[in-house]
Each structure stands twice: as structure tokens, then as C-alpha cells.
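A single chain comes next, written as C-alpha cells; it is the form predicted on its own.
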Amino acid sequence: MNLPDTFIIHDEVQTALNERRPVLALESTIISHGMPYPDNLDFARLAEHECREYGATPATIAILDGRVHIGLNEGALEKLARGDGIEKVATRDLGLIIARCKSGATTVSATMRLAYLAGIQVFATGGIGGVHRGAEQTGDISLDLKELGETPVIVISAGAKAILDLPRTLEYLETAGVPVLGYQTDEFPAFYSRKSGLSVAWRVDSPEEIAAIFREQLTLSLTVGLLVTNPVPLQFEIPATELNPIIEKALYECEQLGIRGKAVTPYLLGKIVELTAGRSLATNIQLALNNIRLGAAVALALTR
């Protein structure tokens, strides 16, 4: 696929793609809008380190001054982490941000689309967006779900963010034809928590199984993503029974402040960090790193 002039692929990433070595896409919204500075910069560096340690080349994706970067250097990571003038970019925003030469951190939806255009088949994130609570009144549904229904990329996540309406999120994914796999689990994980009380359609127990399923989807020309849900490691879990009252309090305050749209998720995640005295941030970091390790293993399996 010929890429537009606005794309810059980092030399390390381009070499790995040319040599058909494993590459793992990483989002940048988790850096700019998901964690405070300097924790986010430490995480970004550690994420890329873990990716390399587990055998894949990291390709952190972002838009800087109107150019799409597939892979970032240290200066770019620092700029994203500080967050000055960094927009939160979903698929719908890509044209505008690029045309206006702005800088933006890519969400799950935008990262999926840009990774696909660059020829990267596996993407690891923290948790996907989904159907927000109260969406029957507000209509607030993340573009992540639409993109999963349209773009053939493997997405490794710890389920959907716990602040969402998880049953409706799963219903949407089923309607969109997106296979939802549980990695070594029969239950849909809930981001900070290993269990949600909701079943996944299929369980897989190895990266090779995931790679084989995705290959068959491509053979059949299925233009949907493959969502792999990977529970947070047990020692870092915040059980749902402990977390749910905190989420309810954060949601109430968000409603009282009149926060809407793309500002909702960063506000709620920040509030939960505050209400858990930083414990949720530590869990967020560990679940994201856990997904990166699995993502690297899946990318490696795809190259075999």
C-alpha cells in the first residue's frame, strides 16, 4: 500500500516491516491523556522496552505537526507526555488534525486505522472504549467499537474500561461481527478487574491460536478486527466489588460538572486514580504492560 506523504515510519519500524519481523503498534492517548506526567513518560519508555524484550519492534503511533508518526523517538515521547497542545484523536479527527498541522495522541480507533495503513497487524492497548453508561439517553458510544467492526487488526486489551456499560459494549461488538476472545479466561475482563460476570464467546490459550484465527479471517477477506481480552495479572487486580462504588462516585461527579464527549474518559480515569490513592494508576500500568507482552508474542507467532 502506498502511504501518503504525511506518513513518517521510523527507521527501526520500517526495517522490521521490510524484513517481516514482528511489529507491535502502541497507542499514544494512554501517554498524553491516560496518565499524569512524569509517570506517563516512564510508562512509554517501559512499554517500548518490554516490547523489545519480548521479541517485537514497538511502533508507538501519534500525529506531530500534521505528520503521522509510526514509531517515535525520545523527543516525541517527551512532547506527548507533557501534553501541551496535544489533541485526543479518534478516527473521525484524523483528516482535520493532519490538514491543520496539529499534534495529537491517537485513541484505539485512530491507532488501529493508522497501524493497518502502515501494514502492522497487531496492536496492544490498555482497555478499549465502548458503550458509555446512560448511552440510551446520550448516544455516547466510542468510535473504538466502529473501528473494530471495520479494520482487520488484532487488538489486545484488558477488556473494556470499567467505567463503561460492559453488557451493551459486548452486544455492540456482537452486532458488528467482531470476534471477542478471552485469553486463558472464559470471562470478559473489566480493565482493573479480572472478572465482569460476562462470558466471552471463545477462549484461547496461546498466541499461536490467536495468530491462526486471524490468518483465517484474512483468508476469508473478513474486514473486522479481532479483539483479544487479557485479564490484568492477579496481584495487580482491583476487584469489582471494591471498585464499583468508586466508579459510581466518579460518574456522579462527572455528571454534576457537565463533562461530555471525549473529555469524559480522561476525567473519570483521573478521578479514579485520586479516589484509589494512586492504586488504579499502578494497575493501569501493569495491565497495559501485560497486554504488550501478549501482543509481542502474537506478533511473533504471526511471523512464523
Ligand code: PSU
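Note that the structure is a prediction, hence the values are computed from the model and not measured. Position 1 is the first residue in the sequence shown; the rest follow in order.
What comes next is about the form predicted in complex with the named molecule, which is not displayed.
Which is the contacting stretch out of 213 to 221, 167 to 175, 128 to 136, 69 to 77, given heavy atoms within 4.5 Å of the named molecule in the predicted complex?
Single hit among the candidates: 128 to 136.
Within 4.5 Å of the named molecule in the predicted complex, heavy atoms considered, which of 113, 88, 102, 194?
None of the other options qualify; the answer is 88.
Just to confirm, residue 142 within 4.5 Å of the named molecule in the predicted complex by heavy atoms?
Result yes; residue 142 sits at the interface with the named molecule in the predicted complex.
Touches the named molecule in the predicted complex: residue 30 (any heavy atom, 4.5 Å)
Heavy-atom contact with the named molecule at 4.5 Å: present for residue 30.
Taking the named molecule as it sits in the predicted complex, is residue 269 near enough to touch it, meaning that at least one heavy atom pair lies within 4.5 angstroms?
Yes, residue 269 sits close enough to the named molecule in the predicted complex that at least one of its heavy atoms falls within 4.5 Å.
Would you classify residue 279 as touching the named molecule in the predicted complex, given a 4.5 Å non-hydrogen atom cut-off?
So residue 279 does not count as contacting the named molecule.
Each of 34, 262 and 265 near the named molecule in the predicted complex, meaning some heavy atom within 4.5 Å?
All three within 4.5 Å in the predicted complex.
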